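Presented below, as structure tokens, is a lone chain in the form predicted on its own.
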């Protein structure tokens, strides 16, 4: 997918949480409904799952998202991404180094890297990484070990100094999407704003609408 890819696929980036979604089946249902609502990218993130389950569910996710041309990313596990032919892999600062990830997945897979501050964001190797996640922008309870919230001004400064597309993450929900777009982000990544919601499609549509109206 990497050849000719557009950062527009990062607009509304859903990071799946199996616990919030209610297990594997809930994760699949959430994804289907979220795509109906306007989600443009999906990441399979299940840090407590064994790799066999990641591959099994990953194959089903790939079948689900492909007809909609929604890219599927796998968090952390480059081997799982290859096994299910995902569109890309996303890693954190303490995961495999991005040069190793790129060597494993090849030139056509997308690679994303999480950053938690301006220093990390400025150090992203743009020849190896396609986009960077930056956050948390706002306080979040989804990741108990998350760094301190950056705020919108730091987000905007980091984006202005970088030539790589940035996806903002952390504490993002309704009412916070338009300011993030105004700060220059290529998209917003959300977890609890969609996962576990009673009406997933509606919640996704509201976030997508805020992005489109925030021009």
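Residue numbers count along the first chain shown, from 1. Predicted model only: the values in this text are computed from it and were never measured.
Below, we turn to the form predicted in complex with another copy of the chain, even though it does not appear here.
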query: Contacting member of 97, 139, 125, 106, with respect to another copy of the chain in the predicted complex [4.5 Å, heavy atom]; finding: 97
query: Position in contact with another copy of the chain when the complex is considered in the predicted complex, options 52, 161, 174, 69, heavy atoms within 4.5 Å; finding: 52
query: 4.5 angstroms heavy atom contact with another copy of the chain in the predicted complex for residue 79; finding: yes
query: Another copy of the chain contact in the predicted complex: residue 83, any heavy atom under 4.5 Å; finding: yes
